[in-house]
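What follows is a single chain, given as structure tokens, in the form predicted on its own.
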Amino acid sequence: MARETDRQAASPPPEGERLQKVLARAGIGSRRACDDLVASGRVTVNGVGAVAGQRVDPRHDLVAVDGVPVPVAPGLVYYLLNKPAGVVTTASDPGRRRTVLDLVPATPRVFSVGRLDYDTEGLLVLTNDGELAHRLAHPSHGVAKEYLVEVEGTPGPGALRRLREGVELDDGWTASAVVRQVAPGALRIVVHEGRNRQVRRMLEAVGHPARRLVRTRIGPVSDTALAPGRWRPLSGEEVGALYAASAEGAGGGRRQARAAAPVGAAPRRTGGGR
């Protein structure tokens, strides 16, 4: 008996945290609900099906539910900011203009996901989660960004068709977009790429430059109550929805680019952009 007790005392404690605790902390559900997810085979750890009672290292292990990564690393934060005009989307500015980082908590350090130019307003995600930032910004994941635009003049059917089917810019043709006229001089535009100043350049190309441009939605996330210059933390459900949107849209940008060419159009140049 003494030897058995000595062996137990000498055994190292189990490493890591229980998987259901980690999932619950990430906002997936209660521990009991997370147990059910594991039991149903919907959870993987580093690509391998999870088992009941499994322990994980949140700092290094990749946990996913239904193939969608779950952000479980400690210290991750997610902010939704309503950027006002006259603020730059950089960490610092030589001209000492206000930056988006001046509008959110200084610690922990975060960075903006994508960019909105100086005069553009609207929703911007800031986070220290590099994986989510990549998924939201990279066109291969096809996460939708919606804008409300006040334009010069009233776009006719031809201009609207060009915006929907694709516009040739100096860095290549744009993918197809969802465009709806909400007033004679106002459009609602949804794009899936994220090139630099893309919406403004598209509108300039069809002869109706933007007078005011506001991003109103990123993937499934919107917030009409968030005042300009204000921020709030994203909920666990919203973060999960953004990850899910990036998984559903993976490869969508390439499909849209191929579908965007009008019948009989000349071959398009490939272009870069962000």
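Please read these numbers as outputs of a predicted model, since none were measured by experiment. Quick note: we count residues from 1 along the sequence shown, nothing fancier.
The following text describes the form predicted together with a small molecule, which does not appear among the structures shown.
Participant: Look up in the model of the complex whether H192 has a non-hydrogen atom within 4.5 angstroms of the small molecule, and give yes or no.
Facilitator: Flag for H192 set to no.
Participant: With a cut-off of 4.5 Å between heavy atoms, is E152 one of the residues that contacts the small molecule in the model of the complex?
Facilitator: Contact with the small molecule, no.
Participant: Hey, in the model of the complex, is R200 touching the small molecule, heavy atoms inside 4.5 Å?
Facilitator: Answer yes; at least one heavy atom of R200 falls within 4.5 Å of the small molecule in the model of the complex.
Participant: Is L37 close enough to touch the small molecule in the model of the complex, meaning at least one heavy atom pair within 4.5 Å?
Facilitator: Looking in the model of the complex, residue contacts with the small molecule do not include L37, since no heavy atom lies within 4.5 Å.
Participant: Looking at D93, D171, D117, D102, which is the one with a non-hydrogen atom within 4.5 Å of the small molecule in the model of the complex?
Facilitator: Looking at D93, D171, D117, D102 one by one, just D117 meets the 4.5 Å heavy-atom criterion.
Participant: May I ask you to choose, among V221, L234, V65, L213, the residue with a heavy atom within 4.5 Å of the small molecule in the model of the complex?
Facilitator: Contact check passes for L213.
Participant: Can you tell me which of 192-200, 179-187, 105-113, 129-137 lies within 4.5 Å of the small molecule in the model of the complex, counting heavy atoms only?
Facilitator: Heavy-atom contact with the partner occurs in 192-200.
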